[in-house]
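As structure tokens, one chain now follows by itself in the form predicted alone.
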């Protein structure tokens, strides 16, 4: 890939940014909303990895979580409901030199955007995807989502939801070409940041489900896991995450899990009484769609113009 003169000059020194360089505006999420913790972790990642704001893009759909690009001082696309993934894929195909993140919610991704979600896993493009899962439609004021637990009373299920909740981890692990699946919770900031960091460094489609609290519509739904450390199972492995002494002191339920073990990952994901936190699966050898399609060639203005002219030359008047 050819680099511009500006890129070459910037590479002559280590460009440093402060946390404030990635902060844009005051978040309008409710006090206590887990989205705030996710935003902090991602902004810290951008600072620690010295991501250039003009080379970083955040893409989202519709929902509380999808306001994310408004609070990042980078490029951002607040797109249509359920359409964040195909738009992010288009950005990555056209500009493979950009770092692309996707922020989506349990309704945005797992309902109207479910088909795009499935095929994005298959394509395994180099995208970092955060599923903010609060188990309810928050922005549109409390409708049941695909991940709402059975019995959830909402505006669309006043007598309680009738169906078992969809498990985003199990679904993702069941799709061909899956390469990275992890789970985090918003109330353990140390593990949240480490998982976000691992997802960013993975080359391929990194899918991170983040269980996040909704203090407005489901204020107590995650209390059993938040108030009982024994129900949180921290995953660790020499080829995945390492646990700090402080974290190990509080969360004693730990499991050494090899992220290459797909069958075990599926077993862990399907647990109903334990909440796994860590990397469930990672395979660095899965081919990436953008490489298969040779999109590592940067689409310059001259290249685009030649493409148009080649197509127009096929026709006569």
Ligand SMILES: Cc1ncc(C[n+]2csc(CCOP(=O)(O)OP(=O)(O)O)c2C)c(N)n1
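Positions refer to the first chain, counted from 1. Predicted model, so just to flag it, every value in this text is computed and none were measured.
Absent from the display: the form predicted in complex with the named molecule. The rest refers to it.
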property	result
The named molecule in the predicted bound form: contacting segment from 279 to 287, 262 to 270, 247 to 255, 60 to 68, heavy atom within 4.5 Å	60 to 68
Listed residue (137, 180, 130, 117) with a non-hydrogen atom within 4.5 angstroms of the named molecule in the predicted bound form	137
4.5 Å heavy atom contact, residue 93 and the named molecule in the predicted bound form	no
Exercise: residue 194 in contact with the named molecule in the predicted bound form, heavy atom 4.5 Å	no
Partner proximity in the predicted bound form: residue 112 to the named molecule, non-hydrogen atom cutoff 4.5 Å	yes
Partner proximity in the predicted bound form: residue 186 to the named molecule, non-hydrogen atom cutoff 4.5 Å	no
Residues in 90 to 128 with any heavy atom within 4.5 Å of the named molecule in the predicted bound form	105, 106, 107, 108, 112
